[in-house]
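For reference, the chain that follows is the form predicted on its own, supplied as structure tokens.
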Amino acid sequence: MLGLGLDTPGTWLLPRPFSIGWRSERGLIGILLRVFGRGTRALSALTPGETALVLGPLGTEFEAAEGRTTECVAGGVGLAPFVFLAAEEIAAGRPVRLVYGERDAEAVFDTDLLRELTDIDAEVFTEDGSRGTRGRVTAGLDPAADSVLCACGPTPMLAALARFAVEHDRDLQVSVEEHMGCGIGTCQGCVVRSSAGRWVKACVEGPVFRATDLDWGAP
């Protein structure tokens, strides 16, 4: 994870959190960016030669299991960390599955580029059925599979996956999508409630957690 901002004074006060989505052998890194507001709009307008402020790498990471398939379950821009993770696991000779959900076809990222970066085909689900399989990502999961589930996406999706994991005794890690101000545990703007009842900072104690370590509230 990175904290990313512009070095132009007055553009905005706080950086935005992004997962590292790609890296090259030469040490270059890439992010997956979707324009939501002022900050991402300004970042998307950067041209070659311009500079940005980068803080990172930050936080915790997903843990793959030797000898077991890693199922990457992505919702929306939650796809970003799995471009990186899938590529790393494939390069290491470990099996990976990428299940990727969006609301509709228009929102789906370039699947040809995803294959180029990861060497696997993403299994696409859209809520309206306009691309790939109709339904949500949970519909693509086998309750009896002996795989490690890694998920990133909107909180309602992660909560649904957490319930799925409990019901079917599945190993699930989640990367939460909290807004992070400082990225180093000072501002406490990214806290999430743990299953033990305390508030934990996503930027330093996460953003990846065991699903059972977080409080997902009422079903």
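If you're wondering where the values come from, they're calculated on a predicted model, not measured in any experiment. Heads up: residue numbers just count along the shown sequence, starting at 1.
One more form of this protein should be noted, the form predicted in complex with a small molecule, which is absent from this view; the next part is about it.
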{"query": "Single option in V77, V83, V99, L149 placed near the small molecule in the model of the complex, where near means a heavy atom within 4.5 Å", "finding": "V77"}
{"query": "Residue (of G49, G37, G27, G67) lying close to the small molecule in the model of the complex, criterion heavy atoms within 4.5 Å", "finding": "G37"}
{"query": "Heavy atom distance at most 4.5 Å to the small molecule in the model of the complex, all of L33, V176 and H179", "finding": "yes"}
